[in-house]
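Coming up is one lone chain in structure tokens, specifically the form predicted on its own.
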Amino acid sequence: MELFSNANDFLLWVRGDAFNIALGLFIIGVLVRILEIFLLGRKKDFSEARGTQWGPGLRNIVSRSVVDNGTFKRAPFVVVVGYIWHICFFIVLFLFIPHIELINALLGIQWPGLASQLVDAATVVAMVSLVAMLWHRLTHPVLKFLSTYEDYVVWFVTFLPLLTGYMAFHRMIDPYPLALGLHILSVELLMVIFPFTKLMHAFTLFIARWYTGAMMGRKGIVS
């Protein structure tokens, strides 16, 4: 805190210059990564099309969003906890009224939110889910062997905003401007790292699923 005279100055910097920098890096990084995908270039397929692409592509996005029985039997813990984590994270990110107000300030759109108590409960469940997944990764021989440094960095920068947000909401750090500033700073850290790690799958996942379904549809294969 030596760079700032008080917690209020720190909060103003985090909400101002730091946020603008993080948002800029996030947007540029995501756009660059997506452009990389579309500019890779693929050899033209001269074979005769046996079906359409858009319909099968969209259908594949939907069908692949539901876990098949084989995957569930092989890794029930990962499937169940993964679904719980994503649902709770969605609630925290998009249904917490202060978050909605921020999105409205940035994009001019808003929607009804949930009661703070429900979002608070979802935050706790999300954090427990992340800890459970980390424990599973550390104790499962195959997952532990396959895990890289990036996996643990991604876990940390994802967990940190939930933890700091929970601590700020419950006034566990004094003064409050410091608590809120740390929460916002942790989110900005996530935004900066997001485009350059596996977190980018939040965007590329649907592109990959559509492409796979489209290519199968073109060949006349039902995905």
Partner chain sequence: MNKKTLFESLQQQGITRRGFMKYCTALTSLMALPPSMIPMVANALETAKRPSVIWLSFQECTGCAESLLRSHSPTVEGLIFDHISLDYQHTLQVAAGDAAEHAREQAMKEHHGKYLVVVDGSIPLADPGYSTIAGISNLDMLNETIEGAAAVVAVGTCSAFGGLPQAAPNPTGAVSVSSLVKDKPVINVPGCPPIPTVITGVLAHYLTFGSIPELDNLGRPKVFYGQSIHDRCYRRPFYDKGLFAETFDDEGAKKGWCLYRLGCKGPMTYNACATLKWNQQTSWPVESGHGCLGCSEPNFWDAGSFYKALSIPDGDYAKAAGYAVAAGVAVGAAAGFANQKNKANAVSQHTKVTVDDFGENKDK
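Numbering follows the first chain given and starts at 1. Keep in mind that this is a model prediction, so the values were computed, not measured.
This protein has a second form, the form predicted in complex with the partner chain, left out of what is shown; the following refers to that one.
- Think of it this way: in the model of the complex, the partner chain has a heavy atom of just one of 146, 131, 138, 105 within 4.5 Å, and the residue is 105.
- The three marked residues, 91, 151 and 164, fail to reach the partner chain in the model of the complex, with no heavy atom of any inside 4.5 Å.
- Within 4.5 Å of any heavy atom of the partner chain in the model of the complex lies no heavy atom of residue 71.
- Under a 4.5 angstroms non-hydrogen atom cutoff, the partner chain in the model of the complex lacks residue 200 among its neighbouring residues.
- For the chain shown alone, residue 27 is a contact residue for the partner chain in the model of the complex, at least one non-hydrogen atom being within 4.5 angstroms.
- Contact annotation for residue 98: at least one heavy atom lies within 4.5 Å of the partner chain in the model of the complex.
- Residues of just one listed stretch (192-200, 63-71, 151-159, 165-173) have heavy atoms within 4.5 Å of the partner chain in the model of the complex: 165-173.
- Counting a residue when any of its non-hydrogen atoms is within 4.5 Å of the partner chain in the model of the complex, there are no hits in 67-92.
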